[in-house]
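Below sits a lone chain in structure tokens, taken as the form predicted alone.
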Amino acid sequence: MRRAILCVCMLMGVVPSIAHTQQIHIDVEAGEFRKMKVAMPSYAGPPDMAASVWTVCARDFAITWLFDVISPQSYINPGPTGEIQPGTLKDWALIGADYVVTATISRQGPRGIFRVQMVEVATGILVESTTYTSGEQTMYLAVHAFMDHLLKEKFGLGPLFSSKIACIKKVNGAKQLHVMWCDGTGATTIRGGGSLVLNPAWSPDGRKIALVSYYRNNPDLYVFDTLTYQLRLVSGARGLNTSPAFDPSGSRIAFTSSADGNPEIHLVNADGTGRTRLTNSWATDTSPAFSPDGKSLAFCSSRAGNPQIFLLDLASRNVQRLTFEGKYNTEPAFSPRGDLVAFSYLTEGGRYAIALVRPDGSQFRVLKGSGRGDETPSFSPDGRLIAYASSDGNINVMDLTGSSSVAITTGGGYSEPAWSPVIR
């Protein structure tokens, strides 16, 4: 396996100036939440760099679920604009903007400088005026720093753009591990582990990814270290060793094993020792997902006659059925908040959609998503958003109302997204 080393250095140039510190309460499931309108004229600076940074900013604003970027076609002054002039705020108010964001992009040797301002249109208050510095080829990291700072200081939310999404990408007929930041930037396809890699799952520290590889012509369970690029075999018993999930401590992995003849949920230490069987049923049990407190495990089972989502209490080994709607429910994912389980739900129209249910089985609902067929949900680190695979072969991100969706990949060939914790 080719070893790739990516060295990225990002320096914050100026302490952020936050004049408006009142935080806004965000209800992550409120369907009536009105997104804030952002006007963003084209950025000043070298056209190639400025356009690229503007595009990343626009996508990141959309991914937050909090903002809509107003189309530049409606702007009185579409830019380039590097600084907000107080006398122009009325122009932005006329098109319904709540905020206006301007920036200047410049080069300084091998580095890029991102000077950004954000003004609240109604009050004229300077929300942000900061300079971020990054490598010229990694200016998206400067945008990430700006967006995370804004989420924290203005909305009291945790960092979002310091997290990554792992998925599977089909390249020349091979399915391989693909890792990118949660907005699709900085993407790397990791060529190794054979031509068929599946089921990526992050460790709680964001350093390791459990995955399944057919390198030995058998679905074996491995752990990949994202820092050293080392791949370690965890379970290679003949038969299934699939659908891994780290427990909250990162020391153990639940997965599907057919070592005893029937596909059951097993638990193993991350070094491959200490295997324990957790389920015992005539049916197929698969796709485990730990609750944030590590006390229970959601999984898919056909023990009801068709695939449904169940919850296993790890202390008592009692099993509770969570889903009763639909004939095929699979791929559960626990919210980091512990209040929701997302899963792939086969609709009456024969397409998959992402559905949600409470851990007690209540409040089942189906999210609109892309509307084309959606599978394999994975929650953001703060539990506000869900990444999923659309039937067009791309990875999308949506909010918990399912009312909006943003594609973070293009071209197709992507599947099985897994959202990391915040990368420290």
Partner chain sequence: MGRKNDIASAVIMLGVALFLAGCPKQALEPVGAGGPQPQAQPQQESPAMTPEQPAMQMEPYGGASGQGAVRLDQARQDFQDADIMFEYDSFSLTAEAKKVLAEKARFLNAHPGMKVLIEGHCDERGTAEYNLALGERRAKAAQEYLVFLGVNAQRLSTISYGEEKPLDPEANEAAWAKNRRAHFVITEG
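Residue numbers count along the first chain shown, from 1. All of these numbers come straight from a predicted model, not from anything done at the bench.
Form predicted together with its partner chain: not shown, discussed below.
Novice: Please tell me which of 133, 258, 104, 226 lies within 4.5 Å of its partner chain in the model of the complex, judged by heavy atoms.
Specialist: Selected residue: 258.
Novice: Just one of 89, 346, 314, 231 has a heavy atom within 4.5 Å of its partner chain in the model of the complex. Which one?
Specialist: None of the others qualify; the residue that does is 346.
Novice: Although the partner isn't part of this model, could you tell me whether residue 330 comes within 4.5 Å of its partner chain in the model of the complex, counting any heavy atom of the residue?
Specialist: Residue 330: yes, in contact with its partner chain in the model of the complex.
Novice: Although its partner chain is absent from this view, report whether residue 235 comes within 4.5 Å of it in the model of the complex, heavy atoms only.
Specialist: Answer no; every heavy atom of residue 235 is more than 4.5 Å from its partner chain in the model of the complex.
Novice: Does the 4.5 Å heavy atom contact test between residue 176 and its partner chain in the model of the complex come out positive?
Specialist: Output for residue 176 is no: heavy atoms all beyond 4.5 Å of its partner chain.
Novice: Taking its partner chain as it sits in the model of the complex, is residue 324 in contact with it (heavy atom to heavy atom, 4.5 Å or less)?
Specialist: Taking the distances in the model of the complex, the answer for residue 324 is no, it never comes within 4.5 Å of its partner chain.
Novice: Within 4.5 angstroms, counting heavy atoms, which one of the listed stretches 262-270, 125-133, 92-100, 186-194 is next to its partner chain in the model of the complex?
Specialist: Careful reading of the contacts points to 262-270.
Novice: Could you list the residues in 196-211 that come within 4.5 Å of its partner chain in the model of the complex, counting only heavy atoms and keeping sequence order?
Specialist: The stretch 196-211, when checked against its partner chain in the model of the complex, contributes 196, 198, 199 at the 4.5 Å heavy-atom cut-off.
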